[in-house]
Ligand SMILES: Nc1ncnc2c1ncn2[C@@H]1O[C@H](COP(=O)(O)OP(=O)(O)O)[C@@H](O)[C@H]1O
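Take a look at this one chain, the form predicted alone, written out in structure tokens.
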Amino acid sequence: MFLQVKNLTKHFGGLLALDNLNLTVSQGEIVGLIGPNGAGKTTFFNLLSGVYQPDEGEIIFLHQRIDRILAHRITALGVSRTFQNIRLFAQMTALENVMVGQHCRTRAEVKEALLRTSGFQKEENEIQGKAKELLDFVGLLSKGNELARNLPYGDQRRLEIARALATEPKLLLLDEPTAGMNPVEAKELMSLIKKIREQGVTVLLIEHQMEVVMNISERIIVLNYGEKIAEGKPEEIQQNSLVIDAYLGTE
């Protein structure tokens, strides 16, 4: 199994954020994770990416437990993410932001960097070339020299995805990637996510825009108060009475 979560539980004081969560993700899927605010979605992403450790349960990625290892090691194994609130290096250019994303794949040591050896310079050129390819992939190559803080909001979202892709992930976690976007931008981002999957990257996304999640997800998992209350194809989720009561509404 590509990703398997067993009995995952997380408390914050007296608050039970995740309660005995079990789920699987197969390689090559686009899976949507939905639920009302406070359902535990971002907590789950934080556990997957090593920001938190669970109180109980296991996370197994490519046959290896990752719930007790540091975040940078999880990234090196092939799990990368974006954030609900954009976290770019505002004073760096778009190109530099993507180059930073490749840190977990670099080989040069500190001494080589300080002396700017030929080996270091060669790797630096390779990193820059890869960063340009990723900017081109997300449609931002022409804006590579612009500061991240000066980019329009939708472009900042794309840049964060490019930086996440720079880590060479096998599993990409997208936390509300279309938040704040207009319908045209959201549609373009859906196309980008499909392109990412075509590159062999499995995608797990949190999304509140129902038009987005229903149109792009092959399978949807629904959380409520830290528990999984439903799982299935988009058309099944739309008809699920528990989901309608907890999240979608009757309209």
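From 1 onward, residues are counted along the sequence shown. For clarity, every value in this text was computed on a predicted model and none was experimentally measured.
There is also a form predicted in complex with the ligand; it is not shown, and the following applies to it.
Engineer: Taking the ligand as it sits in the model of the complex, is residue 182 in contact with it (heavy atom to heavy atom, 4.5 Å or less)?
Structural biologist: Judged by the heavy-atom cut-off of 4.5 Å, residue 182 is well away from the ligand in the model of the complex.
Engineer: Answer yes if any heavy atom of residue 49 is within 4.5 Å of a heavy atom of the ligand in the model of the complex; otherwise answer no.
Structural biologist: No - in the model of the complex, heavy atoms of residue 49 and the ligand never come within 4.5 Å of each other.
Engineer: Can residue 242 be called a contact residue for the ligand in the model of the complex at 4.5 Å between heavy atoms?
Structural biologist: Outside the cut-off, so no.
Engineer: Give a yes/no on whether residue 28 approaches the ligand to within 4.5 Å in the model of the complex, heavy atoms considered.
Structural biologist: Flag for residue 28 set to no.
Engineer: Given the stretches 195-203, 54-62, 210-218, 35-43, which is the single one in contact with the ligand in the model of the complex, using a heavy atom cutoff of 4.5 Å?
Structural biologist: Among the listed stretches, the partner-contacting one is 35-43.
Engineer: Looking at 121, 84, 128, 167, which is the one with a non-hydrogen atom within 4.5 Å of the ligand in the model of the complex?
Structural biologist: Looking at 121, 84, 128, 167 one by one, just 84 meets the 4.5 Å heavy-atom criterion.
Engineer: Hey, which residues along 202-224 are within 4.5 angstroms of the ligand in the model of the complex, non-hydrogen atoms only?
Structural biologist: Going through 202-224 in order - heavy atoms within 4.5 Å of the ligand in the model of the complex - there are no hits.
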